[in-house]
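Next up is one chain by itself, shown in structure tokens, the form predicted alone.
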């Protein structure tokens, strides 16, 4: 084994990676991260890594790490020529909209999203026709086409804040596409679904399946447990937890509290990252894997960087222009 590879293995170990949390072993991962990081410099590339990615991607090659809002905000500021987005396709579209002159790559053709795929631009146009004058507030987990039909974009971290501001000028709001998040926000805002907040039928395949009855079992077995859930979870589960929010909110909650244990009800990658960031805290497993997020691997990141003909993320100029207005409105209202 050469010295460079040994040094890379040592670097990864110091970051918290170990044989058990890296598929194929640490030596294989180190060989891949070495080459990826070399190519990043050569191609003036930056790697965005969503918190649902695996630890070897986040820690080994990730330059910008965070939730959807943070990554969108970070992408606005990058000076890189190439953005490799280790997330799902709608996130990469957002990066392209904010960086029309940069090359944007998603290192997997399977990095879709059940929530994004639940609604089309035509669906939004029909909702607007049915509720004339009602502003469309759209969760970021949507295609560029849907964003282009929207008045403002939100993330799980800022949706409640932005909706409160929108309701200052409107009695009725169309919120798409997550019906569970919409119902949870309606409760927080004192709004009635179907009356003053119009919801769509979309759901996330990860968050829709959690069982609230299990939380009772966990609390019984782990006294003092803090239960945190993502806002995409069904309302009956949210009623049983201590905190609801986006992944960034959840990470800050863990950082600023001292519970006997933490149950993180969201995608498994977030729990892995939390364990690495807070090794002295106790985390209880209750998670589900996102097949779309997990379709990205170190090997696929390397393949995307190596291949000059790798397919780029593209957004038609007219759609991008309209979608950017709604995205910029998010940054304005979230400030």
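Numbering follows the first chain given and starts at 1. What you see is a predicted model, and the numbers here were worked out from it, not measured in a lab.
Only in words, not in the display: the form predicted in complex with a small molecule, which the text now covers.
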### Task
Go through 202, 234, 246, 107 and name the one with a heavy atom inside 4.5 Å of the small molecule in the predicted complex.
246
### Task
Consider the chain as shown here, without its partner, and state which of 96, 207, 191, 179 has a heavy atom within 4.5 Å of the small molecule in the predicted complex.
207
### the small molecule in the predicted complex: contacting segment from 138-146, 97-105, 164-172, 78-86, heavy atom within 4.5 Å
138-146
### Task
Although the small molecule is absent from this view, report whether residue 92 comes within 4.5 Å of it in the predicted complex, heavy atoms only.
no
### Message
Is residue 156 part of the interface with the small molecule in the predicted complex - any heavy atom within 4.5 Å?
### Response
yes
### Message
Residue-level question: is residue 68 within 4.5 Å of the small molecule in the predicted complex, judged on heavy atoms?
### Response
yes
